[in-house]
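This document opens with one chain alone, in structure tokens, the form predicted on its own.
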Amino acid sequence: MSDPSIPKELFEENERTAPTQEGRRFVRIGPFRTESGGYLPDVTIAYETWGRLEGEGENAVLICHALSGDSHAVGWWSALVGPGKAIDTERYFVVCMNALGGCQGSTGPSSPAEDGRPWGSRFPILTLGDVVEAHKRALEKIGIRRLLAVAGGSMGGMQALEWTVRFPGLVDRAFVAASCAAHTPMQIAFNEVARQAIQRDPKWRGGDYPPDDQPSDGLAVARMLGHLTYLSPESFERKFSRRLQSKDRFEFTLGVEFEVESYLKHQGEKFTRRFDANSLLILTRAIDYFQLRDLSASTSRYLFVSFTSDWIYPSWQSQALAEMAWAAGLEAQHRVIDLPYGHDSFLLDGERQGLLVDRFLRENRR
């Protein structure tokens, strides 16, 4: 029996995260040299836009997606992005781009190299600086040279921070949700377990697997682990407790006994149909490399939001970001929202978070 107090989207990966070709466009930014020394001879970035652009970007809001997201921000962040919502697509010109290294239209490990074969193991290691640099070039190609705001949660929040220090003066304000200045050893450890699940799958083949036969078992386990970090103990307890899956007694097997086991298995298998294993490896490594030492180069103002039940990106990390901004003499605020949904709260909360974001985007710079 479902708990009506828990949003359906917390446990169901539906159209808000499903890839879509509707409205998706592509821009080629040419050759690209990565910070690791790698070289991509021709990079494409997939993006979507909503609203009407004013000038060179005076009303432009760039949305940066989290690890498994894509360019369809009105889908996966529907709580905040859309007509009449906090990031109002009728008031602002909203842009969202698929990350370099991803697998939803932007150049990534599954994209064809010059020889026609997927990049696979030949794809260079990336940093989030590379992702932001590629998106900056893509924005220029489509005529945007300044941003009212950049916004994102988790990995998207790290990109938003990178924007403000890499291109000072270009971004007026940044909304950063459930994110951090650098991963802790525990956060890195969770990502490494996910990577090991993929790399120890025999079908990974060192990264050079056929497009129709990727290491799905390893990728599914990596996603199952991810779900454990995205949610909260309270949400799992309220949704599943210790209920058995379609039975009233143990069968004493190693098969599925509990509802929560069935849920994790289903989510893992479904994820393999829309995501590439090598992209997960590349992007989790980029997140782990990210380290923001200070905000002294920035001229932006900040809104940091965190959630009481988010144990993987706890509130102290957002507080540290706010203190970093204050130390640099910048305008910043940190708001902690009490919700029981874990890290996914930033995707689900359109009410409390929405009020903060709406006010933040509308108010004049002091």
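Every value quoted in this text rests on a predicted model; they were computed, and no experiment measured them. Numbering starts at 1 and runs along the sequence shown.
Although not depicted, the form predicted in complex with a further copy of the same chain is the subject of the following passage.
When contacts are judged by a 4.5 Å heavy atom cut-off, N59 does not count as touching a further copy of the same chain in the predicted complex. Taking the partner from elsewhere, L264 is found to have a heavy atom lying within 4.5 Å of a further copy of the same chain in the predicted complex.
Among residues of the shown chain, L170 is not one whose heavy atoms approach a further copy of the same chain to within 4.5 Å in the predicted complex. For the chain shown alone, R145 is not a contact residue for a further copy of the same chain in the predicted complex, no non-hydrogen atom being within 4.5 angstroms. Site residues W326, H334 and E351 are none of them in contact with a further copy of the same chain in the predicted complex, judged by any heavy atom within 4.5 Å. Per the 4.5 Å heavy atom criterion, a further copy of the same chain in the predicted complex is contacted by stretch 34-42, the sole one of 297-305, 34-42, 65-73, 326-334.
For the options V94, A134, A79, M224, the residue carrying a heavy atom within 4.5 angstroms of a further copy of the same chain in the predicted complex is M224. Here is the short version: of P233, G84, P210, P112, the single residue with a heavy atom within 4.5 Å of a further copy of the same chain in the predicted complex is P233. Residues of 197-228 lying near a further copy of the same chain in the predicted complex, listed in sequence order, are A197, Q199, R200, P202, W204, D217, A220, V221, M224, L225, L228, the criterion being any heavy atom within 4.5 Å.
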